[in-house]
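Only one chain is shown below, in structure tokens, and it's the form predicted on its own.
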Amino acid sequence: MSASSTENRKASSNNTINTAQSNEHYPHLFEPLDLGFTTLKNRLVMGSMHTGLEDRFYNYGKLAAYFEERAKGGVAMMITGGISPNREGWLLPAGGTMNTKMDVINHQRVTRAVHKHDSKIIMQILHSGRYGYHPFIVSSSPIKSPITPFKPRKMTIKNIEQTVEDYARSAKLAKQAGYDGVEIMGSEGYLLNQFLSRHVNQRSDQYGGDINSRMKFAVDVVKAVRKAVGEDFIILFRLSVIDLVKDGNVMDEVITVAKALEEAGVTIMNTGIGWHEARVPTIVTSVPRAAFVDFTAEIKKHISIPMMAANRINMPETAEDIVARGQADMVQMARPFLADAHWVNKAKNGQADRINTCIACNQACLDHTFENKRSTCLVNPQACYETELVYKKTKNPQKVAVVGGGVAGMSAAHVAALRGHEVTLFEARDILGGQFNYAKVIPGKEEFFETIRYYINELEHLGVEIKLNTKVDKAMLEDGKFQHVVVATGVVPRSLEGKLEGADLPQVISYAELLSGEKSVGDTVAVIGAGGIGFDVSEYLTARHGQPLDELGPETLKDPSYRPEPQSVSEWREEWGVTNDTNYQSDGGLIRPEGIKPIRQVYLMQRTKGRLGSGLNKTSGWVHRAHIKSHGVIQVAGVQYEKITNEGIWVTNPQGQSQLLRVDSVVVCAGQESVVELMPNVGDAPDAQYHLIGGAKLAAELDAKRAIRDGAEVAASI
């Protein structure tokens, strides 16, 4: 490859702003990026997410609609979910591929939809390696992954060379399908990462040993792809800038790989963080915003092609700061575009307060992916359902009452008003948000404030009449002549009074009383119930960052603009054993975690035997279990509660022995009960049509995903 052709691929990373055209709100984000042969209209990229729609050809119409909606939203470039270059590289049996002319026809539906809106689309080529869920998996060495069921076969040299050709063929077909480029997935522990790192690569041939040999496969892939597609085609490489696993690469090795990939033909270097099997969280809500961007900035110092930042960036202020400070030339966000397809246009127009912010809960995206379900979004149930959950403008506006201002009610009111109905939202308390007001004060869940902020601003913008401090009765609804009544009255904590002796003592409080700031606890606390709320309460009671609610008082928490200070990046890294040195020489960037001295002693108890937290979400549950363990929470399973006294709580342990836990306070997290008194009785014939949604419909473990979808679906049907 000639020097002149290499230079033609390199974009200028000069962040000088053209003041004549600069955006007044976020000038660096909306500066075009010249790649030499093409230009990106801004610095914002939608990163790869596996939705489940990629794996079956009959879903490509839905996939096209999903990408088109985000292209309309103003993003410069989007990257598809992982598409395999061959059968061995499938994530799932018969997963999405690009290796035949028939694949080209299917993918053209996606590229044509996107190109109608001046956005670019990149196909990610992902070979799963040992992360595949099928028996044909291969890797650099025959070492089983801890997160998948099959042991991989060691790739032969012939197998490696054929796979290089498969990557090149996939890229060439992607170009024929109309893609603007490909992203070669080399991070998160997938096949190329398995060769790059000593964590898996134990070979002694030309593909193993020192970093120059371990990177040969990845470099050969890039060279072959560049040769197959020519110069005027974008090649991204997603490089693991910090592995976060034992025997992972050090920064010097990462830089060596980055330089070699640039020379081999990469147009843009993307950031990957950690392996999927790493015991350090990288994208859950408790990870501070932009927690890894300084590692991206370190790589940027050593290459001349554009560098893209990623991971836990969800709002324009954070993204603008990254580009303005020169830490990266571009910003990739994935889940934030599930949450709000029009994120970019809202930022461009100075409407950041109207962005439906990704709260990094993972409950409807990654959790669905690992359960082989179609991905969507907890805060945006339309995501990946653009052709099915349609908010069509009504031709017959109705008068709609929504009773209950939790997330279910706010979702229903929002969609109903968006469609043109006349909506009144009633809330018995003096604050909207319902159970999210409890979640938002848990250390590490500060992002939940953003969802409440979003709905409040949207309801105001859409002209919804909001009546706080209003206890609704049936007569009031009849007098209002509403044609539809959406009952979203939610749940109340289940009380143990009358079921457990001593449950009426003053030191026994509900999780709602604790997390609203109404009541406080002592230095030793027993938490009854080890579901999601019990874990949240235990983390709240033991975390050292954040301000105790009893010091703030309930009035502060009712202020919609109040947001607690999240844990700092440096403190978070110390707690999880991640280096603060961007030029790290520790394997995988790991160091010894700092011990956490909890601010009080907590016992977390459940009646059932077995591990606590077994029902928590797959992608975030292990983080909560690790947190309470590091915070010194004593976990007690298989107990029977006898009585509560002024001395503490008496329990029968699994061996049948009576035991006193000397605690100052008891917090009850023993489930919830639906509030449904507004629903008509059988035989009643009210003038209005009633709809029951959210916790009022089903008071199982609190499920915001179901509640928000309930509200949207009911409002879409009115």
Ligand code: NAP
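Quick caveat: nothing in here was measured; it's all calculated off a predicted structure. Residue positions are given as counts along the sequence shown, with the first one as 1.
There is another form of this protein, the form predicted together with the named molecule, and it is not shown here; the text below is about that form.
The named molecule is not drawn, but in the predicted complex it has no heavy atom within 4.5 Å of R87. Taking the partner from the other structure, the named molecule in the predicted complex has no heavy atom within 4.5 Å of any heavy atom of S48.
Within this chain, T608 lines the site of the named molecule in the predicted complex, having a heavy atom no more than 4.5 Å away. Although the partner is absent here, Y133 is not a contact residue: none of its heavy atoms lies within 4.5 angstroms of the named molecule in the predicted complex.
For the residues G208, P598, P564, G531, the 4.5 Å heavy atom test against the named molecule in the predicted complex is passed only by G531. Just one of P32, G671, P686, G36 comes within 4.5 Å of the named molecule in the predicted complex, counting any heavy atom, and that one is G671. For a residue to qualify, one of its non-hydrogen atoms must sit within 4.5 Å of the named molecule in the predicted complex; all three of L496, N617 and H624 qualify.
Only one listed stretch (257 to 265, 533 to 541, 166 to 174, 295 to 303) carries heavy atoms within 4.5 Å of the named molecule in the predicted complex, and that stretch is 533 to 541.
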